[in-house]
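In structure tokens, one chain follows: the form predicted on its own.
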Amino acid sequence: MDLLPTQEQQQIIDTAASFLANEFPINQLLGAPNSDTRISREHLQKIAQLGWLGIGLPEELQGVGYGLSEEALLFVELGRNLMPPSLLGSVLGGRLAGLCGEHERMRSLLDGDIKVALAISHPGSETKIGKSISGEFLIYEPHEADLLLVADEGGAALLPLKSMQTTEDDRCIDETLGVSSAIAKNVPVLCYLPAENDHLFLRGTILVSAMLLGIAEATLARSVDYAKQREQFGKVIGSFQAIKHYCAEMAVRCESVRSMLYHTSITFQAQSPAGVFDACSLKALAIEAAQYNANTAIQIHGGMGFTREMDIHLFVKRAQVLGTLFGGERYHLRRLLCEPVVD
């Protein structure tokens, strides 16, 4: 089986990489804490015009008509360029609205007229997600958001952000993302989709894993480039065996996650019984690869790697945040072992 991107898929990758490099350079994030507005409503509408928000939706739901494989390839590039996770909220929110028959709301989401924030259960909180929402949540990128997407193993829901009782703004380890705490007590939702109809929680797991792969590959590329330029003792550090071993290990981790991502996107799209196992395995593998590569990149960059003028620290922090979305490493490892999952 050939799992390499087709020519058409490669065009998606190249177009996304070029657009993001020109419109959203990563150096914009340097020295800009709390830049919760990197994706303004105007930016979101511009992205929507490219069809990215509906790339995985069938044409009968006014989507582009591609599948999860193409969607995952796009999200690798979004992760590589440190695009905020709210784009994932828009993609999943549009799918949820369409499958629930909310076509007018779906159209507004796909056009970028509505901004969606992502919410996860607050650590230690008992939450209920159904036709009403209860519990404590952490909301990522609440600034200018209209709707909130929440999901768990049982299903996913959309609700107005203003219906949540926001308690306070929190500090996020990734200073480029805004976070706030919120409480919900039997808040009715706009639409709810059970997992048996479409497992948006696991779909989100796969797409977050794709973003983590983007981080792993970006930090590898930066490390290799730096190792070719930085000289020590009259030689470029890339000629030292220790640095070669670091970069080789990073490359192996990237390749293992990429292979798993391609495989999982196919099995999950085909509704294979192995899809759940593959998605959980992918997320655990992607978290480990992204965090290892980002941390190793700090080491390869030496004393410069710890400074704020370098962008490596941005990847370290973003990898930590993405690792918590749609289940952390321990969550998915417990899922694989078929043990009860307790947050």
Partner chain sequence: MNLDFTPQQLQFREQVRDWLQAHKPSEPRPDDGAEGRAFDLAWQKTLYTGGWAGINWPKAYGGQGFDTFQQLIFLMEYAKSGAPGDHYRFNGLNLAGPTIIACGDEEQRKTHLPPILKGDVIWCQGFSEPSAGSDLASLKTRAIVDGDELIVTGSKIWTSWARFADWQQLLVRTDADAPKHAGISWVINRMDNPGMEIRPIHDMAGGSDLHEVFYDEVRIPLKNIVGGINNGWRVSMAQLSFERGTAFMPSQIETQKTIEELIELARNTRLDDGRLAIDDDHIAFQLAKLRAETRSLLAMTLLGISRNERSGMPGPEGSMLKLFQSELYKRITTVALDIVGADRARLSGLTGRWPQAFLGSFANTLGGGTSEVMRNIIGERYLGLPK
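As the structure is a prediction and not an experimental result, all values here were calculated from the model. Numbering follows the first chain given and starts at 1.
Quick note: we don't show the form predicted in complex with its partner chain, though the next part is all about it.
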- Is it the case that Asn27, Leu50 and Tyr66 all touch its partner chain in the model of the complex, with a non-hydrogen atom of each within 4.5 angstroms? no
- Query: Heavy atom to heavy atom, is His245 within 4.5 Å of its partner chain in the model of the complex?
  - Reply: yes
- Item | Heavy atom of Arg230 within 4.5 Å of its partner chain in the model of the complex | yes
- Message: Using a 4.5 angstroms cut-off on non-hydrogen atoms, would His122 count as touching its partner chain in the model of the complex?
- Response: yes
- State yes or no: in the model of the complex, is some non-hydrogen atom of Leu333 no more than 4.5 angstroms from a non-hydrogen atom of its partner chain? yes
- So which of Ile55, Val316, Leu61, Ile39 reaches within 4.5 angstroms of its partner chain in the model of the complex, heavy atom to heavy atom? Val316
- Query: Which one of Gly155, Gly112, Gly238, Pro142 is close to its partner chain in the model of the complex, taking close to mean a heavy atom within 4.5 Å?
  - Reply: Gly238
- Task: Within 4.5 Å of its partner chain in the model of the complex, counting heavy atoms only, one of 205 to 213, 98 to 106, 82 to 90, 179 to 187 shows up; tell me which.
- Result: 179 to 187
- Task: For the heavy atom contacts within 4.5 Å of its partner chain in the model of the complex, list the residues of 276 to 292 involved, in sequence order.
- Result: Phe277, Asp278, Ser281, Leu285, Glu288, Gln291
